[in-house]
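Starting off, we have a lone chain in the form predicted on its own, written out as C-alpha cells.
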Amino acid sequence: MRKKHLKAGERGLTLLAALALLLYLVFLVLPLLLSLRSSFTNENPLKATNDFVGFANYTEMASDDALKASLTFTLILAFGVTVAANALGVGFAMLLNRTSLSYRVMRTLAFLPQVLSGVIVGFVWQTILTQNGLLNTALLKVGILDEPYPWLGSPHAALFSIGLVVTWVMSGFTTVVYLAALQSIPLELNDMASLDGVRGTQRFRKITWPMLAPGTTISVTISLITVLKLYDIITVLTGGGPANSTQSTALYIVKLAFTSDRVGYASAVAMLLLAISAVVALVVTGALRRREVSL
C-alpha cells in the first residue's frame, strides 16, 4: 500500500514538473526563438510577405543614434537606481528590524510600492511632478521656488525624476530582501560582539555587512535586471520625452514594433537588450559571489 502511495506521489510530481516545463517552453523559450527568427527578417505587419535579410538589422544598429541614446539612458538609470535602492533598502531594513506590531505595519507599508502596478505608480507621480503638480504647488507656497520647475520637462530633471520614482518602487523590494538577510544573522554573533565591546558602525562593518552579502547579491542582480527592461513607468511619466532624452531601450523597442511597424528591427534590438542584460547579470552576480566567498 505504501509503495502505491509513493508511486502515485512520484507520478504527481512528474506531471507537475512536465507541466512546468511545458509552460516554460511555451511562454519563454518559444517567444524567444520566434523573436530571434524575426530579427533576421524585415517583418512588417503591413506587408503580406517578409524577406530574410541576414544580419542587416544587426549592422544597422551600429549607426542608430536613437538606440545608442536609449541604451545610455537605460544603463545610467539602471546603475543609479540599483545603488540608491539598495542603499535605501539597507537603511530601511536596519530601522525596521524589530518585532513589535508597529514595525510589522511599517514593513508592510515599505513593501507597498512594489505591489502597485507600474502604470498606477506612473499616474500618481505624474500628478505630483507635472508643471502644476503637487510638488511645485507646495514649493511655491513655502517660497522655495519663484516659478514652477519642469521636473519632467527638461532632460536632466526628467532623468532625476524617473530615477527618484523607480528608486521608490525598488526600495520596497530591497528592504524586504535585506530584512530577511538581517533576520538570518544568528543572535549569538551580536551577543558575542556586545561582550567584546563591538558596537555601532564597527558592528555593522564587521558583522552585519558581511552577513548581508547573499542578500546583496540577490537584491543588486534583480534590481539591475528590472530597471534594464523598464517600460511602463517611463511611458506614463514622460513617454520618452523631452526630445527622447528619457527613452529607455524597452520603450524604443515598443515604438519600433508598434509605431514604426518595424517588427524585424525591433526584434534585433530586443535580442541586443537580452544579451546586454545577460552579460550584466552574469558579471555582477559573479563579482558578488566572489565577494561572498572572500568575506
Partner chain sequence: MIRKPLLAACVAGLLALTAACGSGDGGGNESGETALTYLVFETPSLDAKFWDASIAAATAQTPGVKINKIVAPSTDRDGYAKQLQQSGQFPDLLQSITPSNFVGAGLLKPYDKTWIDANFLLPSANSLKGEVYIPPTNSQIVPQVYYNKKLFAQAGIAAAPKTWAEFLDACAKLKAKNINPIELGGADPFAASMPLVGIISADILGKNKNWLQDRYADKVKFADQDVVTAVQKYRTLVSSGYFDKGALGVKYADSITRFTSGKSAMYPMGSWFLGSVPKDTADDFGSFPWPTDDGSVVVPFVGGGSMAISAKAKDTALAEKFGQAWSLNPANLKALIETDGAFPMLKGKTLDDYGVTVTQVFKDSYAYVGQDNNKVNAIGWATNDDALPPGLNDAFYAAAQALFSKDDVAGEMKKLDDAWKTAVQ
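Residue numbers count along the first chain shown, from 1. Under this definition, the rigid core comprises the largest set of C-alpha atoms superposing within 1.5 Å between the forms. As the structure is a computational prediction, the values presented were derived from the model and not from experiment.
Only in words, not in the display: the form predicted in complex with the partner chain, which the text now covers.
4.5 angstroms heavy atom contact with the partner chain in the predicted bound form for Pro113: No.
Lys47, heavy atom within 4.5 angstroms of the partner chain in the predicted bound form: Heavy-atom contact with the partner chain at 4.5 Å: present for Lys47.
The partner chain contact in the predicted bound form: Gln131, any heavy atom under 4.5 Å: So Gln131 counts as contacting the partner chain.
Thr59 within 4.5 Å of the partner chain in the predicted bound form, heavy atoms: Thr59 lies outside the contact set for the partner chain.
Leu228, Val269, Val263, Ile233 - the one with a heavy atom within 4.5 Å of the partner chain in the predicted bound form: Answer to the contact question: Val263.
Rigid core superposed: Lys68 CA moves 2 Å or more between this form and the one not shown: After core superposition, the displacement of the Lys68 C-alpha between this form and the one not shown stays below 2 Å, so no.
Rigid core superposed: Lys47 CA moves 2 Å or more between this form and the one not shown: Yes: Lys47 shifts by at least 2 Å between this form and the one not shown.
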